[in-house]
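As structure tokens, one chain now follows by itself in the form predicted alone.
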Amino acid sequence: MTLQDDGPSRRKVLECMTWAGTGVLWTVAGGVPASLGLIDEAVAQQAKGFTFLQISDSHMGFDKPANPNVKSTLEEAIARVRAVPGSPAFMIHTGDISHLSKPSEFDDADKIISQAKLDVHYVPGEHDLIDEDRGKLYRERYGRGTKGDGYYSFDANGVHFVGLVNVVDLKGGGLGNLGAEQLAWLESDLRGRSASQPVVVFAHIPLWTVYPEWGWGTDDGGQALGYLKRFGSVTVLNGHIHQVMQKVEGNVTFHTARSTAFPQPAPGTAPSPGPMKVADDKLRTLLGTADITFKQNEQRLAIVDTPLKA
């Protein structure tokens, strides 16, 4: 992704941070992030706004040493979702629901996630599209009413949500790809909308370039971000890299979520990406969920990342 050099607010890359451990509340006003405190303060503030939840990378069916019981950790994540105070509007899942796209894996995930008793909006990860028919099982379960390989949009509480699919036809090194058809749809979907309307975009692989050597980015993500440039408040949520990272450019906040299954190494700290074995008592500090709150008329955004174990 190329930074736009059209003014100080756009030119300034404010933050690029990683966290592990206790959740942190962030607010963003006019593109400027500020940490307001830890989980307890965050929860208190969440009750005042429009709240939804993000989970990601459940990898149902994975059974390797990094976490031989992904059912259990997903159940713990959903238990935390149910404990969130107030009334979250819905939940989004940013892909890799399953590990090998098997019907039994989707069944297990659905059974556990349904315990949250929330509507769930999905986008696929690459692990959800590796059945013989290249995603037929995913589309039959989660793709009703969507376009193409499963992209769509909807509005909630004055916010425009866009679910994108960037795990079909991956590019060199595993980089995500949106493709011309989906990009044309996105441009049309956003055309005519007020620049003051908050927009949330969610997809599996980060739209921004986290670490291209490991395929952690989207080859044509810059074109999609160009269509979003005129909006005053844009939030881009992703999974795939199994760790919390945030970056702010102008009015766009990029955020990646923890997995509920297993951690991956920080970019460049291992020969390759993949499941990372950690001590048993550390695993749950690296898995978790994210809560996102919008405060209408203030264009303030708060993201709270909550590990399964502080």
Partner chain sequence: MPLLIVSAKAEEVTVKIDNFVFSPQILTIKAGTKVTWVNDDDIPHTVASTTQGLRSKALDTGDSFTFTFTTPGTYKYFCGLHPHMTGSIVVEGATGSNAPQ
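None of these values were measured; they are calculated from a predicted model. Numbering follows the first chain given and starts at 1.
A second form of this protein, the form predicted in complex with the partner chain, is not displayed here; the remarks below concern that form.
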Within 4.5 Å of the partner chain in the predicted complex by heavy atoms, the stretch out of 110-118, 231-239, 173-181, 195-203 is 173-181
Look at the candidate spot formed by Glu126, Trp214 and Phe262 and say whether the partner chain comes within 4.5 Å of a heavy atom in all three of them in the predicted complex. yes
Sort through Gly49, Pro267, Gly250, Pro275 and report the residue having a heavy atom within 4.5 Å of the partner chain in the predicted complex. Pro275
If the cut-off is 4.5 angstroms on heavy atoms, which of these, Arg134, Arg141, Arg82, Lys147, is the one near the partner chain in the predicted complex? Arg134
In the predicted complex, Ala89 touching the partner chain (heavy atom, 4.5 Å): no
Even though the partner isn't displayed, in the predicted complex is Ala156 close enough to the partner chain, meaning a heavy atom within 4.5 Å? no
Verify the contact flag for His160: yes if a non-hydrogen atom of it lies within 4.5 Å of a non-hydrogen atom of the partner chain in the predicted complex, no if not. no
Is Pro68 close enough to the partner chain in the predicted complex to count, meaning some heavy atom within 4.5 Å? no
Where, within 73-101, is there a heavy atom within 4.5 Å of the partner chain in the predicted complex? Residue list please. His99, Leu100
